[in-house]
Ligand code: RIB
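Below you'll find only one chain, the form predicted on its own, shown as structure tokens.
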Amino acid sequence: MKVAVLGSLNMDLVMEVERLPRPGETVPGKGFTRYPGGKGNNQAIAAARLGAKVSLFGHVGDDSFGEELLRVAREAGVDASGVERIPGVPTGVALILVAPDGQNQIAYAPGANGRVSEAYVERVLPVLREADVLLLQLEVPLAPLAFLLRKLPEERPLVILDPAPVRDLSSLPLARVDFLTPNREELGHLVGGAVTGRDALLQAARALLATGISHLVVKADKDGAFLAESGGVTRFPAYRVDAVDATAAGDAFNAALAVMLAEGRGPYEAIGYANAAAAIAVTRRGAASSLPTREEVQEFLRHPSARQRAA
């Protein structure tokens, strides 16, 4: 099973805080750590740890952060030979505040990620076309993503788009997206209103499915996940865990979803597995460092206490 990832590589600078600050407010920090991250990098590492053959594409700068990110990806088993280093441009950086309950706030400077172009996509397109599943996110420019979606064959690969950070998707040919995976807040931004209940979720799902997307998967934190298809909405309850850092939970979810779909599993089984991977990730600090292996997810699912679902 081949999974390709086109996306961002960032260095995450993480501070633990007593609580997330309000606008204009300063709060005390409890600790500071640096972690390799970026949604593309995280999802590639997560998919490799879950057993897929993974190729990563994107840009880093010619600085020490870029070198470290590439080393960590390779050590995780990711083929990062398609990642280009851009001279004179810094590697992307994310500043992350993490509260005691695991919730976070993130600010992002794209750096080299912003240099991903249509010309680059054209160079790596032959490899992307051969993947079983292609993972995309929005920490790189939209124009090359739109170009890529138009250039892909209709039948392959299956495309999963994580609309984070949330942006206007009107320039993208969404009919070529098989799975769109927003969280609840991103879903609200995409449809122009808060999504607070099942009726609102149904209405939002209908609006996005009308764009041609085959499946809408909403990551809803403690409420688990929801799969919206033409026939309705199915809820997948969350697992009970003690969360400490939700930074890479969405990336673990998307990678696990991709791996299961690449193996030919159906969306129902894949989403249940993805919920388990995300549950493990929130119990650990950092981004790439929090991502579970296949063996860890399987053990989590076998353990009786892991099967206790949140209400």
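Residue numbers here begin at 1 and follow the sequence given. The structure presented is a predicted model; accordingly, all values stated were derived computationally and were not measured.
The same protein also exists as the form predicted in complex with ligand RIB; that form is not shown, yet it is the one meant from here on.
- Residue 248 belongs to the set of residues with a heavy atom inside 4.5 Å of ligand RIB in the model of the complex.
- Proximity of residue 291 to ligand RIB in the model of the complex falls outside the 4.5 Å heavy atom cutoff.
- Among heavy atoms of residue 99, none comes within 4.5 Å of ligand RIB in the model of the complex.
- Interface membership of residue 106, defined by any non-hydrogen atom within 4.5 Å of ligand RIB in the model of the complex, is confirmed.
- For the residues 213, 83, 121, 94, the 4.5 Å heavy atom test against ligand RIB in the model of the complex is passed only by 94.
- Residues of just one listed stretch (272-280, 54-62, 37-45, 23-31) have heavy atoms within 4.5 Å of ligand RIB in the model of the complex: 37-45.
- For the stretch 1-31, the set of residues having any non-hydrogen atom within 4.5 angstroms of ligand RIB in the model of the complex comprises 10, 12, in sequence order.
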